[in-house]
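We begin with a single chain expressed as structure tokens, specifically the form predicted alone.
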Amino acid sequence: MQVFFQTIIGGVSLGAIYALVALGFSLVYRTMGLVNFAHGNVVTVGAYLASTFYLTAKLPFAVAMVVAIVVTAAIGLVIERVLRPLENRDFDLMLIGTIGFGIVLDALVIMIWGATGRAVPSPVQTAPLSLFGLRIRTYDLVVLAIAAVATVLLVLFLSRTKRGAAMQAVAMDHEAATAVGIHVGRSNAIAFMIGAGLAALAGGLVGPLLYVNPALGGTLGIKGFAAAILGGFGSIPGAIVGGLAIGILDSFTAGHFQGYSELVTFLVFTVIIMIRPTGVFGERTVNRA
């Protein structure tokens, strides 16, 4: 039983990272009806920026994270502004455009930082906590706390601010929101910025847990994408539940199916989606009819 709970604890911190990535996917999708296939690559950029500010510029980890989030959010804004002219012409071209941006970001990462990757030391050097015989890494608690705060802030922004309410209106009905004077382009830009910021937060937090390399965003992007689908694409609660579920499932399969953990994880994911195609919290998203 102790091994069971220890495995869950090990999966929750990575699950929180997947949830942040899934939130970025879901926020853009619920606002625009667009799957941003460059999102995983933005995670990679955020991870490298955070590690560079932390290791090279010698900034405190918290400051390095904030700077990386701001820079990456600006990159998200650039992506949205470049893709915006395609929105009213051919939405499929906009989708393909995100794939193109992903390829460009991948190439830039390798050009700037190389292909070898880097290890990021944990900013928290205190010994693991011991609770009821379970060992909990202090940094895992930091990851959970930051992810929880970011999620609460996002929910408050969407539910308590005028701009958040406008984004909710765009998510419910694109044409009706336009008819009542809501600036849809601005809502889309904010969605991209927040999504990119969440990607940078996930990339920066995962650095001390995993090896930062050009393929990092591919791994996190796929797991975050799966988490968003599992929870219900476009659903904020679904992204959280899906991320934690994928993280815990990952932890169990890594412990029991070494070498085949990814295969088993996605087999289980496939079975769940076959049973419930809309995901756990599937909801109506942007209407472009």
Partner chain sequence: MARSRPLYALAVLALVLAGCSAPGSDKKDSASDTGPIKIALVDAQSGQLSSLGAWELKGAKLAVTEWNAQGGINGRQIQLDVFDDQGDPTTGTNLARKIQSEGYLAMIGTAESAVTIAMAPTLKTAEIPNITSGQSPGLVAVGSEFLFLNGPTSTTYDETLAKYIVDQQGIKSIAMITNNGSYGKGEHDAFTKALAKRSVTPVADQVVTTDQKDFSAALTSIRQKNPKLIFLGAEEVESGLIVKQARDLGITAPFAGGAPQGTPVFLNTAGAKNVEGTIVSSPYLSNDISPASKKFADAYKAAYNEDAELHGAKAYDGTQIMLTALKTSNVATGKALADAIRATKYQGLLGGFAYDNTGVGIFATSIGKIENGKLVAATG
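Please read all numbers here as calculations on a predicted model, not as lab measurements. Positions refer to the first chain, counted from 1.
Unshown form predicted together with its partner chain; subsequent notes refer to it.
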Of Leu77, Leu141, Ile99, Ile110, which one comes within 4.5 Å of its partner chain in the model of the complex, counting heavy atoms only?
-> Ile110
The listed residue (Leu209, Ala148, Leu93, Ala165) that reaches within 4.5 Å of its partner chain in the model of the complex by any heavy atom is Leu209
Does Val82 reach its partner chain in the model of the complex if we count a contact as any heavy atom within 4.5 Å?
-> no
Is the gap between Gln258 and its partner chain in the model of the complex 4.5 Å or less for some heavy atom pair?
-> yes
Should Ala215 be counted as a contact of its partner chain in the model of the complex, where contact means heavy atoms within 4.5 Å?
-> yes
Could you confirm whether Thr178 comes within 4.5 Å of its partner chain in the model of the complex, counting heavy atoms only?
-> no
Heavy atoms within 4.5 Å of its partner chain in the model of the complex: which stretch among 191 to 199, 82 to 90, 132 to 140, 149 to 157?
-> 132 to 140
Members of 5 to 23 lying within 4.5 angstroms of its partner chain, judged by heavy atom, in the model of the complex | Gln6, Thr7, Gly10, Gly11, Leu14
